[in-house]
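Just the one chain here, laid out as structure tokens, in the form predicted on its own.
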């Protein structure tokens, strides 16, 4: 990898501007391989050199990937004009310029949201050609009916005449008002509209899988984690819906039963 300027390296991987980086360097808050470096134009090797700013080591990775367990009340937007943005759930010391939520999740919904600055990956995830699968758990107003399975699998027609792609749905084992649903598209308020079309109502919705990347049991609502390369690869894989529902039903059901 070619050498690059120290200020360019830091700027691409943090929220600091070039002028802020210069000020930090002047105050001795930038370390290059453990030594104070005040010359921001110094050329560094991203693969070999270790850079720290204000006591935090800067990741050498060009792109960053965060999985957020979104609480209700946050919007999937880079702007906070319509409410609190999911970007606020990333700790300040982990943020960098260019982060955005890769996909939508309704303001009142919970669960998995990917935040990244990798536009190419986001495009692959959101492209209709990719049909990236996502699994949700919902709490319904009325008990789940087995007839939903065939109706959803055949491509349900919404109230406005749109027809959805085939979707899988399964009742949770420990509560007749809980159900899992797997989608490979993302129409506006789609799951709520699908259940409305069969005469039911979604009280709570939580996304628990993006591709084969499953929301970890240890990641609390409102928390985030940085993803490793192997985790990112799981985003583009399809989960085993039956196995997923059988193995994770108790944990995710417990969350929604209390909502």
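Since the model is a prediction, treat every value here as computed from it, not as a measurement. Numbering follows the first chain given and starts at 1.
Quick note: we don't show the form predicted in complex with uracil (URA), though the next part is all about it.
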query: Distance check, residue 142 to uracil (URA) in the predicted complex, heavy atom within 4.5 Å; finding: no
query: Residue contact check: residue 164 to uracil (URA) in the predicted complex, 4.5 Å heavy atom; finding: no
query: Residue 212 within 4.5 Å of uracil (URA) in the predicted complex, heavy atoms; finding: no
query: 4.5 angstroms heavy atom contact with uracil (URA) in the predicted complex for residue 105; finding: yes
query: Listed residue that, although uracil (URA) is not shown, lies within 4.5 Å of it in the predicted complex (heavy atoms), from 190, 69, 40, 200; finding: 190
query: Residue (of 109, 116, 133, 85) lying close to uracil (URA) in the predicted complex, criterion heavy atoms within 4.5 Å; finding: 109
query: Proximity to uracil (URA) in the predicted complex (heavy atom, within 4.5 Å), stretch among 223-231, 190-198, 47-55, 31-39; finding: 190-198
query: Within 4.5 Å of uracil (URA) in the predicted complex: residues from 199-214 (heavy atom criterion); finding: 205
